[in-house]
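Presented below, as structure tokens, is a lone chain in the form predicted alone.
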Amino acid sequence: MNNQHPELFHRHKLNPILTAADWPYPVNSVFNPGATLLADGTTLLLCRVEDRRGHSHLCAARSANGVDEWKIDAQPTLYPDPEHFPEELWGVEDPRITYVAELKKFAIVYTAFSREGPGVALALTEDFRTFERFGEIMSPEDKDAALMPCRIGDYWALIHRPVSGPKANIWISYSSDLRHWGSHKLMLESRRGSWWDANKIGLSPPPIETAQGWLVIYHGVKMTGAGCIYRLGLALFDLHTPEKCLKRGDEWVFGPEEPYERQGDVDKVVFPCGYTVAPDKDTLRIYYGAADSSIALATGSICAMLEWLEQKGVTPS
């Protein structure tokens, strides 16, 4: 390991682990999966699948070891339903999955693409077969959202990324019923100038609860003359007041390096929407979209990420 640039994430040797060629029906690309572990230890990925119209739906893939021998649903798992949910007219994208113990259900927060742009939608499920759709809970333009796994005080909390003006920052909002949201608070602000995360940032997978606080992996977008580069950074937030940032890393910790990450439908993108945690409570598997064209896997250590933030993170002023 390089002491100046420690590798916090290690790519799996079988990457990419899922591509359009693996799908049981014709698709253009598969990427940006939400992820969770089922009760029997099966890894479930809820993958964004784009068809040849350019519209996306969600499809589940299951694996006993979380790496290969995936069993993919023969038909789309969650398909847009614009007749009942007009905000889904142009597809559903980029799911984040949170298991909510109080409800004994999985919460899926995803992007619904309407004529007005991308908004945030919510669905609950017990089995990834049937879904209770709540519809749009944050109006356009808003995306990169996840529900926190437990109430903060008396309220549910949603992390999301609204866009207003030239900058896009991460916000948190609160609700008593999962349908009506308020008490909007700025959680993490994009930087300015030539930073790797200047002007546009967003939540990547859902936050990770640790004894030190909520560990957040977020993406930053670097605008260059040759296009955008999507990279990942780390920040830590207070357990009881999650809009309070305790530490933020100045440097990115993971970026597009391999050919499957640098070349695809959208070049130079690593974009995780989900992770699983091993029984040791430390080993993290992040499942990420690579260049908007395939799904890849990287592993890391939660303890190592917290240590990196302690050593290299900055406390916001």
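No experiment lies behind these values; they were computed from the predicted model shown. One-based numbering along the sequence shown.
This protein has a second form, the form predicted in complex with a small molecule, left out of what is shown; the following refers to that one.
Just one of Asp142, Glu87, Asp73, Asp94 comes within 4.5 Å of the small molecule in the predicted bound form, counting any heavy atom, and that one is Asp94. Of the candidates Leu38, Ala64, Val277, Val266, Val266 is the one whose heavy atoms come within 4.5 Å of the small molecule in the predicted bound form; the others do not. Contact between Tyr287 and the small molecule in the predicted bound form is not found at the 4.5 Å heavy atom cutoff. For the chain shown alone, Tyr230 is a contact residue for the small molecule in the predicted bound form, at least one non-hydrogen atom being within 4.5 angstroms. Among heavy atoms of Lys200, some come within 4.5 Å of the small molecule in the predicted bound form. Between 244 to 252, 266 to 274, 65 to 73, 39 to 47, the stretch whose residues reach within 4.5 angstroms of the small molecule in the predicted bound form through a non-hydrogen atom is 266 to 274.
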